[in-house]
Ligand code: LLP
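One chain comes next, on its own, written out as C-alpha cells in the form predicted on its own.
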Amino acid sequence: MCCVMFMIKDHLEIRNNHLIIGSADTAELAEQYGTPLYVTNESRVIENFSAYREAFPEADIYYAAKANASFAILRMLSREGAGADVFSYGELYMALLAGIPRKKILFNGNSKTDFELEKAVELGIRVSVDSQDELHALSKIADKSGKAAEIAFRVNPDVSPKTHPKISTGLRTSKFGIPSEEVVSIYREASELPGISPCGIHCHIGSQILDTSPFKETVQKMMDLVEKVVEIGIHLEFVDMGSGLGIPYKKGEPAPTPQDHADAILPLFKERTEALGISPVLILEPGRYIVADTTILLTRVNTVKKAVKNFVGVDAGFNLLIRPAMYDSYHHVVVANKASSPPEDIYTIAGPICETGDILAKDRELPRVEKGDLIALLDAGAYGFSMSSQYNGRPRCAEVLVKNGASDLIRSREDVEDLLAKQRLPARLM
C-alpha cells in the first residue's frame, strides 16, 4: 500500500522514498519528460495567490510577471482575477493574451523604448513613469495619437528593505524611480502636459523581504507624498505599494505571510487616506511569494567526483537557475529518488557550465549520491526559468504543470536547432 511518510514542506511529500509534488512522483516525471525539468504545482500557485487576495480583500493584486512569465501561470492567475505588473512589451503581450484586463495592468520599467510607450498608448495601458525624460516622450506620443496616457510616477522612497543589494530597488542610489523631493513638481508638470493624465502613484522597494517594518516605513513615506500630491489638485485613483514579500528558502527561516504584510500596512493606509478624504485603490505586486515555492527543478546526476569536496555534477547549471551564482542564493536540495534516506556525506552540487561559479548548492548533507540519481532544487519558481539562457550552447529545458497527480507539458524542451533559430549567415560565409 502506498502511503505518505512525511512532509518536506506543506505541499511537498515523500512517498516510498520518492519526492512527490502535486501528488505526482518526481522520479516518474523525470522518466517521462527527461531532465533537466521544471515542475510546477498548479494548486500551490492558486493557494499562494488566494492568500494575498484574502489578506487584502479590498486591494487589487497585480502579479509581478517578471518572477515567472510562463503563459500557463499567467492564464491561471488571470482566471483568479489577478492584474499584472509588466516590465516589457513581451510581458504585456503575454498578460493580455492570458486574459488580464487592460485596466489591471501597469507598465513598469526604468528604460522603456519609444516602441513600448507607443504600444502602451495604443492599447490603453497605464504607465508607471520613471523619469522626466520618459514623461516628455510619452506626452509627445500620446498627444500625436490624440489619446491621453494614464500614468503613475514611480517614486524612490529611499527605504532600505534589508535584502540583497542587487534586488533592493527603493534605495536612494537605485536606478528606479523619481526622488522623493522631486515628486510634487513632476506631478504638477505632468498635469499641464498634453496627452498625460496622472491618476496614480507607485513604488517598489525590493524583493525577498523577510521583515514587515520596511513595508510600514514605505507606506508612511508614500502617504506623506500622496498628501502633497493631493494638495496640488491631483486625483489619485490608485496607490501602488509594490510588494517584495519573501519566502523561507531555508528550513526554519522565519518569513512573514501576506496577512502579516496586511497587518503591517493596512491600518496606516486606511488612517491616512481617511484623514485626506480620499479613497484610492490599493495595489500590491507580489511575484516571488506567489510562484517561488510552487516549483522544483529536477536535474540528473552525471558524475560524482571526490576532490577537495564531493562534487556532484548534474545536467542543470546556472543557464537554468542563475540565482545561486548571481545572488549566492540558497535552494534546499533533495535527492528525489532517495528522499527519506538518511544523510551519509556532504556534497556540493555543480552544474555543467564552463564557469567556476556554476555551483547550485554548496556543502549539503545528503544520502549517498550516485550517477543516475535525481536531484531536486526546491523553491525554483521565481526567477528560475524566467532568467534562463542558452549559454554554452545548452537548449533550455521543458516545463511541466502538475495537479492532483496528473501532469501537462506547458513548455517543450528546446533542441540544438533552437540554438540556430534566429541566426543568419552572410552570403560570403556560405
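When you see a residue number, it is the position in the sequence shown, counting from 1. Given the structure is predicted, the values throughout are model-derived calculations rather than measurements.
Omitted here: the form predicted in complex with the ligand. The next part is about that form.
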TODO: State the residue from Cys397, Leu377, Ala64, Val39 whose non-hydrogen atoms include one within 4.5 Å of the ligand in the model of the complex.
DONE: Ala64
Open item on the list: If the cut-off is 4.5 angstroms on heavy atoms, which of these, Pro198, Gly317, Pro286, Pro157, is the one near the ligand in the model of the complex?
Closed with: Pro286
TODO: Within 4.5 Å of the ligand in the model of the complex, counting heavy atoms only, one of 202-210, 69-77, 95-103, 339-347 shows up; tell me which.
DONE: 202-210
Task: Whether Asp60, Ser131 and Phe238 all lie within 4.5 angstroms of the ligand in the model of the complex by heavy atom - done: no
TODO: Look up in the model of the complex whether Phe311 has a non-hydrogen atom within 4.5 angstroms of the ligand, and give yes or no.
DONE: no
Open item on the list: Check Ala51 for me: does it contact the ligand in the model of the complex (non-hydrogen atoms, 4.5 angstroms)?
Closed with: no
Task: Gly351 within 4.5 Å of the ligand in the model of the complex, heavy atoms - done: no
Open item on the list: Would you classify Tyr327 as touching the ligand in the model of the complex, given a 4.5 Å non-hydrogen atom cut-off?
Closed with: yes
